[in-house]
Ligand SMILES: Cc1cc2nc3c(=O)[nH]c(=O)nc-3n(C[C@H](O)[C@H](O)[C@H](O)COP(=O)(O)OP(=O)(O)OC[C@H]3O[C@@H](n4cnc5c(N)ncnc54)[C@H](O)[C@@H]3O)c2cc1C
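Below you will find one chain, with nothing else, as structure tokens; this is the form predicted alone, and questions on how it binds or moves follow later.
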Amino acid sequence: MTVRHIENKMGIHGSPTCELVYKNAKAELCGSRKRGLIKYVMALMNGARLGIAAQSVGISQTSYDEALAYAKDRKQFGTEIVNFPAVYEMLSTMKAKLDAGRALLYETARYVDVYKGLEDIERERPLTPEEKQELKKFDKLATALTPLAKGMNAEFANQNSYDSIQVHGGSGYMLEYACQRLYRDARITSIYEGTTQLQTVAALPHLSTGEYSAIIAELEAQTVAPEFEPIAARAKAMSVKFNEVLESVKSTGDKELLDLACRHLYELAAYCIMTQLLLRDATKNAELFGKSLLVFANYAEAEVAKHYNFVKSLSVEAIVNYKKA
């Protein structure tokens, strides 16, 4: 086995990427025959996607930390720029995306932990009927949420690293500031282990079968602190919009239309789920998550309206216009 050459990449320079060449290399079978693609490769991909979601949250966190520190230190017109509405609105939105994305990551990781734990138990002894049901349930939940966690956190990492440079102004364009490295490192997260577009394809079966609608409905049944009940009502209105356009597209029976609307339905589902997860976190610890919930609810509401309006405007005839473009 030889290394052909090390790739010269835009970012993630701490992780060398290279092409390996195998010539008469010995190999041995790992696992069982005829299970490689469906069982092993897909399991590998889902695990890697969860890892990229975590990487993305780390980039989002550092991007926010760098931007906040700079905004507190940099003065213009006799005051720190963190006091300017245009800046603190950007910072608060970065923090809200970070907290919402992390909540989605942790929920997905929890599902993975449960079903992986049950798989480990199954190697030691047969599972009870109840445990088998639980294994099936959490495997399905993890499979459904993984593309959301990977895709949305990768997009948030790109947005937060972009905004971090913006907060830094001209200094952010200089190589001595960390935000430029974060910007370059973030770009790969929405590409490798399946682009964001491929994550929407992976989510499509769960949209079609109503699994995301079921997850949202279960989260809506949770107890919410009295001070957050108005947010819960707004979150419910968001899920109503999601279900409305989802059923509208499905009712046409047109697969190409569903594929065209998929990215927008994917984000609608993600924003509804993340809002519900932040509601749960804020109910448990208002001091830690209350502000992020209020900011994210405003942001998510606007995003849901945008995607809702787009999908509502779609028709089978409209596909022709997108093909012409």
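Residue indices: 1-based, along the sequence shown. Keep in mind the model is a prediction, meaning the values are calculated, not measured.
Not pictured, yet referred to below: the form predicted in complex with the ligand.
The putative spot formed by K9, I12 and T195 is fully lined by the ligand in the predicted complex; each residue has a non-hydrogen atom within 4.5 angstroms of it. The chain is drawn here without the ligand; in the predicted complex, the stretch among 115-123, 210-218, 95-103, 186-194 whose residues come within 4.5 Å of it by any heavy atom is 186-194.
Proximity to the ligand in the predicted complex, defined as a heavy atom within 4.5 Å, singles out one entry of M90, V224, V201, A178, which is V201.
For the chain shown alone, S315 is not a contact residue for the ligand in the predicted complex, no non-hydrogen atom being within 4.5 angstroms. Heavy atoms of T17 reach within 4.5 Å of the ligand in the predicted complex, making it an interface residue.
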